[in-house]
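Shown here is one chain on its own, the form predicted alone, set out as structure tokens.
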């Protein structure tokens, strides 16, 4: 190929439009290199964010053909090969207010992050002059979540945020809640966990996009699972998420499979479930559920129950 076409979404604060730029193809270059070349040689009005060029600051994240990437870390050759095209569409991150062109506004997100108190809460009984020593094992618990560079890719890819900006915290904010909740030097993990619970901790869609796209390979889904379990251990069981989890546990232990007829009632309660009758009737007409079907025990149910007994005896690492 001789040229590459970048179709970039522009925004001047009033109107939006797409503008195309053609660049000579150069092997081995990054996406950020291409953006910089456009601004320096073709259009000085093009606006984007970048700083370190080494996947440390996180400021150069953009969407390419609907997927979020860190521009300084992403090979242009890789994109052309992945999408099998010589034409790429660049847009600002999703689920962020746009300031100009590819630059998004972080202020609202950072204000929301304050809710989980992303800092160490020391014990009032401790002596600060003695410092806060930590074992290598305890440090390893926070090593991966601390790698977060606040690039915003997880938020851009989050399906729940696309539906529910106000009632759900960004994955990177939940990462902050986890990072301090598991820190051995923190004296009040519940102060990080409870705000996350109040802001939709159980509403994750399990699409795993935040995990697969994170440039630092942080296990954001695993962190969510920990926060949910910790909230239950704190006594926060009277919510739909916890009740749904307990319903799963009870059904599988009892029969080895879910009872989809009783599951909504165990999760939402009888009254709330009755409000879903029109939806349930549509599912019945389509053959998706059978209200008369009561699941029987699966073959080998005793083995399933032994797994439960073993799990109950296993201590947390």
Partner chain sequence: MRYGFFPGCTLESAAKELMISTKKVAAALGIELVELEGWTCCGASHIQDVDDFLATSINARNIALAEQLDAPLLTVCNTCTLMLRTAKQKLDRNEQLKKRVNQGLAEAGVEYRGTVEITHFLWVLVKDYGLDRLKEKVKRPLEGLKVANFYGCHILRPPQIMGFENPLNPQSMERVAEALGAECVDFDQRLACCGFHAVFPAEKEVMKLTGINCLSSKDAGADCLVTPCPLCQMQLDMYQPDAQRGFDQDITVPILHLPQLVGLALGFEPAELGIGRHIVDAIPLLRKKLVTA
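Please read these numbers as outputs of a predicted model, since none were measured by experiment. Numbering follows the first chain given and starts at 1. Heads up, when I say rigid core I mean the largest set of C-alphas that superpose within 1.5 Å between the two forms.
Absent from the display: the form predicted in complex with its partner chain. The rest refers to it.
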property	result
Partner proximity in the model of the complex: residue 204 to its partner chain, non-hydrogen atom cutoff 4.5 Å	yes
Distance check, residue 24 to its partner chain in the model of the complex, heavy atom within 4.5 Å	no
Proximity of residue 77 to its partner chain in the model of the complex, heavy atoms at 4.5 Å	no
Distance check, residue 252 to its partner chain in the model of the complex, heavy atom within 4.5 Å	yes
Heavy atom within 4.5 Å of its partner chain in the model of the complex - qualifying residues of 155-194	160, 163, 164
Residue shift check between this form and the one not shown, rigid core fit, residue 279 Cα at least 2 Å	yes
